[in-house]
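In structure tokens, the next block holds one chain alone, the form predicted on its own.
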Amino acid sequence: MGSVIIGSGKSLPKRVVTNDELGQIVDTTDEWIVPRTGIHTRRIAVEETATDLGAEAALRALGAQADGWQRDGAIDPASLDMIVCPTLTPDTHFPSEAARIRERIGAVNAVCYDMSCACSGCVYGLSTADLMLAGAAAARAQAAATGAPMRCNDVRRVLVVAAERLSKLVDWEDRATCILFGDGAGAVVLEWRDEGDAGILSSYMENSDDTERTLWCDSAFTARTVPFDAEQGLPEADAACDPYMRMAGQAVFKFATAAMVRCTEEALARAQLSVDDVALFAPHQANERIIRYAAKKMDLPLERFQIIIDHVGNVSGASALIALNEALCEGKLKQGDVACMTAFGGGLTAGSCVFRI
């Protein structure tokens, strides 16, 4: 019994950007980037919008387009009751990115909202969807037992789709960040099932205060003044506002490696499992060195981790969902296997989710 993953999809922009191309913009080389990050190429959305990427990933998860993964066959978009979109880069402030994707894929019965939790969006999205599905299942049982109406929406299927165009937030003259990030989308469809042992087994989420501005991006529409004070005058753009993401690399590495191990261990403990029970880890792809360090701390071979950062870079909350999709499509995960997704990001946010395929 639980929230079962019944579909998975991804979408990447057409434009591939190599390390050598970045070397034409900033002082860097392929020889410098690869040992420090594990990244060879990343995808940049030149023509595609976040909605384009999110909708394509969703349609592949639903089986409406090729190159997706489904547990039991194609899924009707109209059967979706909710769409959750973790994103830092929606195409519009409103309607939500989730609502834009809903319109594009024909999910006419879904309620929608976005989440802002940076690179942890994959875990936060899965965990929140699981809680929604479990709560609705409990409400159905209560309504059936008492004859009373359902006290909430009858949520049975949820699409979690993380869509990112991080290239909009990158300062292409900042070598510390521009080499790391890429664009793309990853999606899963969750369905509540009363029978069977598949589904989300546990989750763990946490936040810590980023008092040192370890990982930060100001709001581009911050203003110094409001137009209601005659002496202040009309609002002007805040000259102190930096529209690009900034990162203290060493501090992020220290936070990420500790969070990855801590959150994985906590989620596994909640599921009453050990690392030996996990067939594959699908971590957030921020830096290959972080994954290697965490694997070593947990005394695990690197082969147990799905690594995709070499060809997609850091795609924020979509990264681990893309990694999961590639593992499923490559046959590295089969029904009955236990997988673990762990992520960390700005906020500072972190979390882990354990599930049986």
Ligand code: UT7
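Quick caveat, the model's predicted, so the values are computed rather than measured. One rule holds for the numbers: they count along the sequence shown, beginning at 1.
Another form exists, predicted together with the ligand; not displayed. Remarks below refer to it.
Asker: Can you tell me which of 154-162, 195-203, 73-81, 241-249 lies within 4.5 Å of the ligand in the model of the complex, counting heavy atoms only?
Answerer: Every other range fails; the passing one is 241-249.
Asker: Just one of 115, 179, 278, 271 has a heavy atom within 4.5 angstroms of the ligand in the model of the complex, so which one?
Answerer: None of the other options qualify; the answer is 179.
Asker: Could you tell me which one of 107, 282, 267, 286 places a heavy atom within 4.5 Å of the ligand in the model of the complex?
Answerer: Answer to the contact question: 286.
Asker: State yes or no: in the model of the complex, is some non-hydrogen atom of residue 216 no more than 4.5 angstroms from a non-hydrogen atom of the ligand?
Answerer: Because no heavy atom of residue 216 falls inside 4.5 Å of the ligand in the model of the complex, the answer is no.
Asker: Is there a heavy atom of residue 292 lying 4.5 Å or less from a heavy atom of the ligand in the model of the complex?
Answerer: Looking in the model of the complex, residue contacts with the ligand do not include residue 292, since no heavy atom lies within 4.5 Å.
Asker: In the model of the complex, is there a heavy atom of the ligand that lies within 4.5 Å of any heavy atom of residue 40, even though the partner is absent here?
Answerer: Answer no; every heavy atom of residue 40 is more than 4.5 Å from the ligand in the model of the complex.
Asker: Look up in the model of the complex whether residue 51 has a non-hydrogen atom within 4.5 angstroms of the ligand, and give yes or no.
Answerer: Residue 51: no contact with the ligand in the model of the complex.
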